[in-house]
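Take a look at this one chain, the form predicted alone, written out in structure tokens.
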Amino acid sequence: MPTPRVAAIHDMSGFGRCSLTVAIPVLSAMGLQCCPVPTAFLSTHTGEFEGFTFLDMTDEMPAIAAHWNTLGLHFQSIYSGFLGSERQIHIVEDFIRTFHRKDTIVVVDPVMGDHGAVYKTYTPAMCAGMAHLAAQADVITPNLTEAALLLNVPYHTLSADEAGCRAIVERLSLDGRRSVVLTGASASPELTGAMYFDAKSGSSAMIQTSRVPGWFFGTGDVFASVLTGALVRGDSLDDATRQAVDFIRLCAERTVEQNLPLREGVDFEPLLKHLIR
């Protein structure tokens, strides 16, 4: 069988483990061909770094898609993350319409904010556009902040406990039509993980692991990349979520053990062996 392909539509930071610098090695380790569509190139990610460079790739995105379409390329997954403008959101929607096939899994990580705050680059129009894009996904992977934005409710009204997270994923499922994996779900202060709703089975469950103290940059990108890779490999949503939760814990533990600066992202490279079959 040909190696499955994933079209990964993300920005790329030259330093700081996030976005494409995470997605490419993770998906490759999981036996998939990662085909990047860069939305921007930055010298570093924007968290706790100053003076970073930024190259906007918006104009290249439709040109890449048009060329790939002439080649007759087919993707087993289309996986999008951080987008830099409302125009890019529309470009990704066009990309999905062009390349979506019956066996294509569309994964949208609706990157818009964290810890109750919307990223400075996101306008209300962009948040509305991201909600429209997410409606085309088979699976979405919001955190609590992004869930509040997608539901158009105040962040403080959402609860991260099991009952609250179950209500969130069920509300985000569009009446059971799409799967939802909510990150940052926590049954207790000592635990963390995710809550999912599986559109195929109609079931939901919370997956927990021990919490590693600290705020780690890029973990959402690692999580969504592992989840996407597992789904393309044919794993159930339950298994895929467990793999992602467990791998994040391993990465966080190693990063703390090595006493590495958290702004550089989790030290995942030596742990890729855990994703290989």
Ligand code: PXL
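For every residue, the number given is its place in the sequence shown, counted from 1. Note that the structure is a prediction, hence the values are computed from the model and not measured.
Note that the form predicted in complex with this ligand isn't included here; everything after this is about it.
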| query | finding |
| --- | --- |
| Contact of Val111 with this ligand in the predicted complex (heavy atom, 4.5 Å) | yes |
| Contact flag, Gly229 vs this ligand in the predicted complex, heavy atom cut 4.5 Å | no |
| Partner proximity in the predicted complex: Phe197 to this ligand, non-hydrogen atom cutoff 4.5 Å | no |
| Residue contact check: Tyr155 to this ligand in the predicted complex, 4.5 Å heavy atom | no |
| Answer range among 246 to 254, 217 to 225, 57 to 65, 233 to 241 for contact with this ligand, defined in the predicted complex as heavy atoms within 4.5 Å | 217 to 225 |
| Partner contacts for 29 to 43, taking this ligand in the predicted complex and a 4.5 Å heavy atom cut-off | Leu42 |
